[in-house]
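The chain below stands alone and is given in structure tokens; this is the form predicted alone.
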Amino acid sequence: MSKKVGVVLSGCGVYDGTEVHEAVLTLLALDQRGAEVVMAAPDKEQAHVINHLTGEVDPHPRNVLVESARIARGTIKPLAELQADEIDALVFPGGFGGAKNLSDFAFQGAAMTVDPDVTRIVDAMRAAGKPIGFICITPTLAAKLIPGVTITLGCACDASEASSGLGATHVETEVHETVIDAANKVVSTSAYMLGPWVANVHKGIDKLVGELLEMA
């Protein structure tokens, strides 16, 4: 029987939302393994909008769910509607939206707060004993929400130091590697925290998806 996996998006674009390559590679790896995907995103305004050509802040607001629908080809629902009992596993692709829209880690560091629906679904998955995957910058969510979790963000950096300050154990890895915290049913990989490009990132994400489905 195929597994059903929730994929939580945070917008569309590396600097203010979901990293598009990471999202597509996650969806591809899931599809290749016969998993059914349920995509969701918070229905709220983005923290800010970045012009991805110039790097400048765009004053026009955008909605996280509406922007995520670009990646999902319209088949997506508000994160508030995603329930742990309808999925077997959950995964968070990266991109700065994970640290700006799913949390405020990009602005507050270790003093971060997490979107209430992200907290709710992570807590519900943990209570149900179901696995969760965190990619790129999103292991910072695990550091905040899962006491004593073991994660990777790749190499030592400000994000890994902040995660350690939150009580997480950080393991340095190469881009093609993952870290499994079997006790907490968490898998993480660095993706574009290390890069450098799509083929390298694919290896770690593909491995994460395989391990996540094995846990499920």
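Just so it is clear, the structure is predicted and the values come from calculations on it, not from any experiment. When you see a residue number, it is the position in the sequence shown, counting from 1.
If you look for the form predicted together with another copy of the chain, you will not find it shown, but the lines that follow are about it.
Where, among 144-152, 158-166, 37-45, 174-182, do residues come within 4.5 Å of another copy of the chain in the predicted complex by heavy atom distance? Going through the listed ranges, the match is 37-45.
Would residue 208 sit within 4.5 Å of another copy of the chain in the predicted complex, counting heavy atoms only?
Residue 208: no, not in contact with another copy of the chain in the predicted complex.
Does at least one non-hydrogen atom of residue 106 fall within 4.5 angstroms of another copy of the chain in the predicted complex?
-> The answer is no: residue 106 has no heavy atom within 4.5 Å of another copy of the chain.
(request) Determine whether any heavy atom of residue 125 comes within 4.5 Å of a heavy atom of another copy of the chain in the predicted complex, and answer yes or no. (result) No - in the predicted complex, heavy atoms of residue 125 and another copy of the chain never come within 4.5 Å of each other.
Task: Exercise: residue 74 in contact with another copy of the chain in the predicted complex, heavy atom 4.5 Å - done: Flag for residue 74 set to yes.
Only counting heavy atoms and a 4.5 Å limit, does any residue of 25-39 reach another copy of the chain in the predicted complex, and if so which ones? The stretch touches the partner through 25, 27, 28, 31, 32, 37, 39.
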